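Just one chain follows, in the form predicted alone, and it is written as structure tokens.
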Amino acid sequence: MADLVIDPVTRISGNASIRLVRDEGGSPGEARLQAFGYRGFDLFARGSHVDNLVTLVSRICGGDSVFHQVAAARAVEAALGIEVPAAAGLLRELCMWGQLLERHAVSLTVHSLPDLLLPSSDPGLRNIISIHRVDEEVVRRFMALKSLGTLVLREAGGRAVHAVNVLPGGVVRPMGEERRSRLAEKLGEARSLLVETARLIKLLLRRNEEVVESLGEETSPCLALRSEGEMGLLGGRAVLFEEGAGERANLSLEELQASIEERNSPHSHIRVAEIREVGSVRVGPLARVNVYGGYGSELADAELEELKTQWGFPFRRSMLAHAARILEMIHAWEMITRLLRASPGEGSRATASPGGGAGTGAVEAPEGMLVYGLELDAEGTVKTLSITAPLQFNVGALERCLLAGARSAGEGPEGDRRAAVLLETAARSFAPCIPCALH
């Protein structure tokens, strides 16, 4: 029996296909996420001056540009021993929460909402335009949250796309009091929108419980950055959590970098990243909530307790990543509010003479851990650069989720139609960013 091929996979970031390989008996034997492109940034960055690195890597991905900038900047700072002023760190964090809010809103609305609201509709009608025609308000609500994230990024980062305020040592300029006040005022309007949206996502997951169950359970260890007991958006220590074993490892960023093993995929240009002596791990919103057990902010934690009651904890079902995304949006809103109320402090940049050294920078991007390893020569030019993106960690779990969905779909033509729906739904539950993984 011929393989089932979905090409392209729609409503994801970037271009990819799915191939379901059948065994001799015609049953699903292997599921592959396939994406092809030239991995060039880690190569053509070599020889560039360190001052140009942050701007360069920002072009890897528009949706995650600030996260690439900050990860690269932190790698430079680690290599040169630069201590970033606290005020600059807070402004970077504000940029990152804004982009995370924006990114999750797009993922939940444009990419995944049609799967949850119109699961049995014709594929040609299963899109955000159809939802807008029948329920304009729900689309307007998500887009308002997306716009809020964009506004935060523009005010704190200087631009809505490819922000210009991050550089090694700190930020280009502080954020004025007038901008902070204007932003704080806009934020107040979002609380009810976030609560209503969280209720909708939880309702839709309950309504699609059969689909949630069909995509199987993922039990591979979860990997996330933790800083002072909270989400390590800007770094921290890498914590490896495994159900039944608890905290299996607690690594410095240098230890994390040394433990990452990458290998070529036989069917894709996405290089698979694993942890030595552990193997495949999962990163991203679902992994983060499993590692932290809570967000440390009132509203997000209250919503999380309701989910724990319904679905158990830690979360194993991949579709629950949608719930984790809306909880992170609530947490982002709470953190942005907290940062705007805090004293902005003083100092925007620390400087250092270019020189040789090696450093690791890691951040929590919207869909998981992003790790930069950097080596500089004595003139401050890049000798080597390695970038490990979230999808490289997640591709193993994603393909296991695809296979579980295919095996639950049944046989014959009707089974194939069902499998096609489940495979794309499974892929979108990971919100894969193909450009980041291929860079």
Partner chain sequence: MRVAVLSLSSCLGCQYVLLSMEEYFYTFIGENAIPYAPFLLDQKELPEVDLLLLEGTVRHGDDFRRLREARQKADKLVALGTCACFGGVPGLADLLTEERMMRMRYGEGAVIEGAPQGVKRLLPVDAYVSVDAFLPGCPPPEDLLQGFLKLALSGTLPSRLGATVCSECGVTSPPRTREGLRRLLSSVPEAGKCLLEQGFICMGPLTRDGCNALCPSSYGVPCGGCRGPCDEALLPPFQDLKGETLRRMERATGERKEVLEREIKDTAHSFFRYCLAEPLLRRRRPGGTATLLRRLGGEGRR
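Residue numbers count along the first chain shown, from 1. Bear in mind the structure is a predicted one, so any value in this text is a computation, not a measurement.
Keep in mind that the form predicted in complex with its partner chain is not shown, yet the notes after this line are about it.
Not displayed here, its partner chain is approached by Ile129 to within 4.5 Å at the level of heavy atoms in the predicted complex.
Residue contact check for Gly29: none of its heavy atoms lie within 4.5 Å of its partner chain in the predicted complex. For Glu102, a non-hydrogen atom is located within 4.5 Å of its partner chain in the predicted complex, even though that partner is not displayed. In the predicted complex, its partner chain lies farther than 4.5 Å from every heavy atom of Gln69. The candidate site formed by Lys202, Arg288 and Thr360 is entirely out of contact with its partner chain in the predicted complex, as no residue has a non-hydrogen atom within 4.5 angstroms of it. Residue heavy atoms within 4.5 Å of its partner chain in the predicted complex occur in exactly one stretch of 221-229, 257-265, 315-323, 194-202, and that stretch is 257-265. Among Arg338, Arg276, Arg173, Arg207, the residue placing a heavy atom within 4.5 Å of its partner chain in the predicted complex is Arg173. A heavy atom within 4.5 Å of its partner chain in the predicted complex is found for one listed residue only; from Arg180, Arg237, Arg248, His269, this is His269. Applying a 4.5 Å heavy atom cutoff to its partner chain in the predicted complex picks out Arg32, Gln34, Phe36, Gly37, Tyr38, Arg39, Gly40, Phe41, Asp42 from 27-42, in order along the sequence.
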